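First comes one chain, alone, set out as structure tokens in the form predicted on its own.
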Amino acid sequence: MPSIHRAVPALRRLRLANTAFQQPAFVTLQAAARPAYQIRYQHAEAQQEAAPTTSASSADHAPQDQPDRPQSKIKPTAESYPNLKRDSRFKEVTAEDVKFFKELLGSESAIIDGVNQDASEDLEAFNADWMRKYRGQTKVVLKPESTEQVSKIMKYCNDNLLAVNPQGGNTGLVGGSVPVFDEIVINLGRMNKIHSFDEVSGILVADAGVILQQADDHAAKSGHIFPLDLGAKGSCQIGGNVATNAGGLRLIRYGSMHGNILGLEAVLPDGTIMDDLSKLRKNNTGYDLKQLFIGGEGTIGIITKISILCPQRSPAVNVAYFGLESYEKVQQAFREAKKQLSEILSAFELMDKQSQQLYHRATGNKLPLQNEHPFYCLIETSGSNTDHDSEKLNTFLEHVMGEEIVSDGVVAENETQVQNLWACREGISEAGQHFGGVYKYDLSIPLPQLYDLVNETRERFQNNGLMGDTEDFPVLDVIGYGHMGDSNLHLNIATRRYDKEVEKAIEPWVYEWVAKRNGSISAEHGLGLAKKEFIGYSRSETMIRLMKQIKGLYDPNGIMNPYKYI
């Protein structure tokens, strides 16, 4: 630990360099006016409505909020993947099938019928993914409101060999949430009831169609927090979150879905209702079958209800945004954050210079720091004792500034500034596709080698003539950001347009690169259609064979979300 005399000059640099950044009240750490050991930060208090404890943007990432690129211009997935052929076993939907579904659901609003009439406009939002990359050809969308209705739908479809595509909020990034051909879309948006919440244990039981933001708001009323936070929390559904084993921003603190889900209810392809909606943290009686559905991407059944453990919400929150001069410094800062912030560290996010430049260019928002730095990190702490947390944060700041690990930075003073700082991280995803399109790679890589992939990818496109400053070049830039705490890199190739030459240049090279370093080709986004053919880079032949056996056991007719996953 450096002496306070050494730390004070360094802490003078921890300031708001750009006073015009959103709000003028960021903490300006002027050591001459207030010594580092006297600094106390204001904290976001727990609210009845959920103040995001990781404070991430809850912007609705629905397709209509994305760049103005009409869905009619999206190339059908079947054309983009000409090697994919419709399974001849599957029956096409007929008027008789639609009649059955209408009688079952009993409401005109519960079905979109494109068989008996032209419903192309109504079907568009269910056929196209929000990235504007994948587009299916479904003619029927079903919106059940109960598990029993889902069961009857599935039994009918299985008996008649009608392929189905389960769908939640349709915010996925790998083409798993939209059909490839004419699969029937079963959308769970009407199954949106919260059934119970135990204020003592923090256990929430809810339908799969509940919006993540609504689940978090409900938990917040009792001082708890939903253990998942995503930029798409305003539109994604918790059933889809479980089906894709979503990771998000809170994993470093609260762990994954596999650990937080206590039980679930699901409907199997033959209509069987699997009732495993346990509310027990300990239940050591036989195979833990629910784990097969967490991350199963709707390939062996449709999740209809979940039981999940919600931790206590932290009333004291700090967010800091730093500039660093190298990836080595980023690793040092992360190591010190784990050591000194320990139990109150709730997020440690990495952003490179290119990602912040792209965010600024796409949104026009000013960045927190006036000078540019090769790397930036966003740190959040969440705890129950304001004085205790402030003391730990002060100690951390003194050390990383005094040791010149961190070059410059700002600390939020109020909730508005907390949200503004988080926007610099959460806004990257949308900014990446603002200028046309984006190829997203969600990868797990050992930390020492994590950013090497970004450098090599950028160099690859600089050398192959696909990246440049004019419209002649499809690639605009290569950016890297992600969750340092989870060794999870988001490698994004921002493009002016989707181009098969770009895809050929990056795949399978990127997966080969990851495999050589014993990483994973999908950290949190899943496999879907985009990564189905590349699973062998992360899983052995034995593991893939066992997965296919499980798929064959639960779904012998293969009607569940076909053409994807494995």
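Numbers for residues come from their place in the sequence shown, where the first is 1. No experiment lies behind these values; they were computed from the predicted model shown.
Missing here is the form predicted together with another copy of the chain; even so, the following discussion is about that form.
Using a 4.5 angstroms heavy atom cutoff to another copy of the chain in the model of the complex, none of Ser326, His373 and Glu430 count as contacting. Segments offered: 473 to 481, 278 to 286, 112 to 120, 163 to 171. Contacting another copy of the chain in the model of the complex at heavy atom distances within 4.5 Å is 278 to 286. Taking the partner from the other structure, another copy of the chain in the model of the complex has a heavy atom within 4.5 Å of a heavy atom of Gly202.
Shown alone here, Leu105 lies farther than 4.5 Å from another copy of the chain in the model of the complex, counting heavy atoms only. Contact annotation for Phe334: at least one heavy atom lies within 4.5 Å of another copy of the chain in the model of the complex. At a distance threshold of 4.5 angstroms between non-hydrogen atoms, Ile506 is out of contact with another copy of the chain in the model of the complex. Only one of the listed residues (Gln357, Gln312, Thr416, Thr363) places a non-hydrogen atom within 4.5 angstroms of another copy of the chain in the model of the complex, and that residue is Gln312. The partner is absent here; in the model of the complex, the one residue of Ala128, Val185, Ala494, Ile300 having a heavy atom within 4.5 Å of another copy of the chain is Ile300. Residues of 203 to 234 placing a heavy atom within 4.5 Å of another copy of the chain in the model of the complex: His224 alone.
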